[in-house]
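Only one chain is shown below, in structure tokens, and it's the form predicted on its own.
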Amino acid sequence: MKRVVIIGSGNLAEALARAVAKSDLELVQIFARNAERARIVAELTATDWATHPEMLARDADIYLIAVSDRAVEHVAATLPIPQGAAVAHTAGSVPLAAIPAKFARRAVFYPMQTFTKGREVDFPVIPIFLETPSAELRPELEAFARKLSGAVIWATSEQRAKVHLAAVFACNFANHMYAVGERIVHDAGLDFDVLKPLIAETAAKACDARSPLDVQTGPAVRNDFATKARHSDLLSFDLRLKNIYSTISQSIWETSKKI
């Protein structure tokens, strides 16, 4: 498989288009409802774009559906994608069954990474999780994926759902904690920059360690009651944050006792 159509124009669609355009694959078209975004992504990757179903390219080898989770099934069922082509969605938590069974060459192509418009990522190191019921498509899909990344993993829909859940904790929740930290240092009259070296070292330690459990630090892992009480008092202005602090601290302590 060489000729690629990307359906969608969001964060993942843009990153995927950039990666395909840099590879020896051929990016045939960006198809999206949002004409402005479709044009922007197409210009970034020097390819064609379309917004109307009748303008969808019909001669691609694979159609990658990179839309919101809730739109995957509708897009796959309604767009005039040739039934002989490979059709794959890119969603972490959406089962393979979202692609209609009328497509004999249906699949999942899930790059597990956080994507942001205008920000390039190192795509060759991103784990790509694959799934297909077609024995014929399997080697073709893997060869296709390896043109974009060196980390290709076969996983069932059930496994992928758990991977996606893990990613929410490791990425989305962690980033929210950065935002909470920013709020607290701002309350102290300081800038978020004071936390950046700590954030960088914490992530680096977790990546370098055998397990993040091995490098857990802080008052919770020591069960430092006095410090936790002072922190709790400082959070009296926001009961929700106070409860989050207590819940996570307890989870850290309970987990650390099992090491």
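Nothing here was measured: the structure is a model prediction, and the numbers come from that model. All residue numbers are counted from 1 along the displayed sequence.
What comes next is about the form predicted together with a further copy of the same chain, which is not displayed.
Per the 4.5 Å heavy atom criterion, a further copy of the same chain in the predicted bound form is contacted by stretch 113-121, the sole one of 76-84, 99-107, 133-141, 113-121.
Under a 4.5 angstroms non-hydrogen atom cutoff, a further copy of the same chain in the predicted bound form lacks Arg37 among its neighbouring residues. The closest heavy atom approach of Leu213 to a further copy of the same chain in the predicted bound form falls within 4.5 Å. A residue is said to contact a partner when one of its heavy atoms sits within 4.5 Å of a partner heavy atom; Arg230 meets this definition for a further copy of the same chain in the predicted bound form. Using a 4.5 angstroms limit between non-hydrogen atoms, Ile153 touches a further copy of the same chain in the predicted bound form.
Residues Arg230, His231, Leu234, Leu235, Arg240, Leu241, Asn243, Ile244 of 228-244 are found to place at least one heavy atom within 4.5 Å of a further copy of the same chain in the predicted bound form.
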